[in-house]
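Next up: a single chain in structure tokens, the form predicted alone.
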Amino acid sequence: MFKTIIEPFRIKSVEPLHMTTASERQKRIEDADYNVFLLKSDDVIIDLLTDSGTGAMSTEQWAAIMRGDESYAGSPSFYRFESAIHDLMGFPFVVPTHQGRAAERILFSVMCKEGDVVPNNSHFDTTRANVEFTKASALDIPCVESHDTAAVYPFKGNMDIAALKAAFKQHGRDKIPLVMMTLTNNSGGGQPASMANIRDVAAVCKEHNTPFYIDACRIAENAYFIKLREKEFANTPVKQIVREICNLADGCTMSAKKDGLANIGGFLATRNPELARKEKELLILTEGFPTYGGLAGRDLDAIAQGLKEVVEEDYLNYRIVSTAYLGEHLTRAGVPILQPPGGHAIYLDAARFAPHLKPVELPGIALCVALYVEGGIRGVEIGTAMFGRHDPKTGTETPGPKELVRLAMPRRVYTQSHVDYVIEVVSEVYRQRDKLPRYRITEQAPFLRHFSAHFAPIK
């Protein structure tokens, strides 16, 4: 077996990068109040902020866009979209949305009320915000193995089954309207859950007659990890593994900007016809008619094609191996990362990267700023800025569970030389890690504050 990773595609169109100097980038980040979300993308050289909607579409997807039909109601694009979801996942009722968080908002608005509790292996930022917007509580119960960022464990995305059972005992069935699993576990480092664990979660839900939902935005990547790491599925096609996961669930939400391989779009799926009716009523109010859901017909067609391509195993092997390449080379350079490398991203362990900084001094923000100034790389903090809690009455800050910086790999965008450049830049920042300054928040919003917050170094 050859060691060199080759992309299983050829490049037909290129987009130039705007090369900037360190002094130029220093001025840009100061103007953005040290928040990389507020940078102009033209001022970023390698953009690893997110893998959501940032991928390159295939020739077949661009052809599908030309087939898009923009009829307001009953477009054939919708029926191709619906058919692709039926074929891959098997859920009978499909509600299109303009992206994943819209699906989450509709789902939790219909199913949750004040005082409810929604268990999850780990909620991501928008999922948590949409749960809490209904005045319900988002309960994270990741497996015990996930707490040690340095430990190598094949399925750190698992849910803690004992904690799930304890949640039902503590809160009661009536206070838990649904249980959700995020596949792969984004907040937990892009880590997969095993089929055995998914089966156990489904069994607990069935015992308590509680709906079980999947956040399926990276379900194909999770399925490929199951194929690689669970002997039972070593010879099972990834598409079949995806269907088996979905067969255990009552429904799902999905941002098609990830494993839909599209630049926009998402959906909500369920087996419950009454629930689907309520969801469509809310969809009409805020998103659009149920056969377009806030999307153009061409986007529906791009997603339909993307859902076929995402389970191709040549693509998934390239995807997982190329991400691991980044993680393995950073590890060799001594850079602390969350182990093992995830599917869609590498998570730098900012707490171990900069141990001289306390969580409330925002080591993840310090690292994001340094990566941008040093090499024009944009990552995202997943730590106290994103998941910490600010008490507006006392001004006190409660740290997040971990201090991470995610380097998310856009699908089919960057080549190995880009990744090698990222390795050089991160390694150089690590060599100068003692110089990383403390940061504070100077302005923040009550929800999803990390998107728009302003930061400042503490002199």
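All residue numbers refer to positions in the sequence shown, first residue = 1. Everything quoted here is computed from the prediction, not taken from an experiment.
Quick note: we don't show the form predicted together with a small molecule, though the next part is all about it.
Undergrad: Is the small molecule in the predicted complex near all of 107, 213 and 272, within 4.5 Å of a heavy atom of each?
TA: No.
Undergrad: Flag residue 100 as yes or no: does it have a non-hydrogen atom within 4.5 angstroms of any non-hydrogen atom of the small molecule in the predicted complex?
TA: Yes, contact at 4.5 Å.
Undergrad: Is residue 220 close enough to the small molecule in the predicted complex to count, meaning some heavy atom within 4.5 Å?
TA: No, no contact at 4.5 Å.
Undergrad: Although the partner isn't part of this model, could you tell me whether residue 50 comes within 4.5 Å of the small molecule in the predicted complex, counting any heavy atom of the residue?
TA: Looking in the predicted complex, residue contacts with the small molecule include residue 50, since a heavy atom lies within 4.5 Å.
Undergrad: Is it the case that residue 305, even though its partner is missing from this view, gets within 4.5 Å of the small molecule in the predicted complex, heavy atoms only?
TA: Although the small molecule is absent here, residue 305 would stay clear of it in the predicted complex, with no heavy atoms inside 4.5 Å.
Undergrad: Exactly one of 77, 127, 384, 158 has a non-hydrogen atom within 4.5 Å of the small molecule in the predicted complex; which residue is it?
TA: Only one option qualifies, and that one is 127.
Undergrad: In terms of non-hydrogen atoms within 4.5 angstroms, which of the given stretches 167-175, 118-126, 363-371, 272-280 touches the small molecule in the predicted complex?
TA: Contact-bearing stretch, as computed: 118-126.
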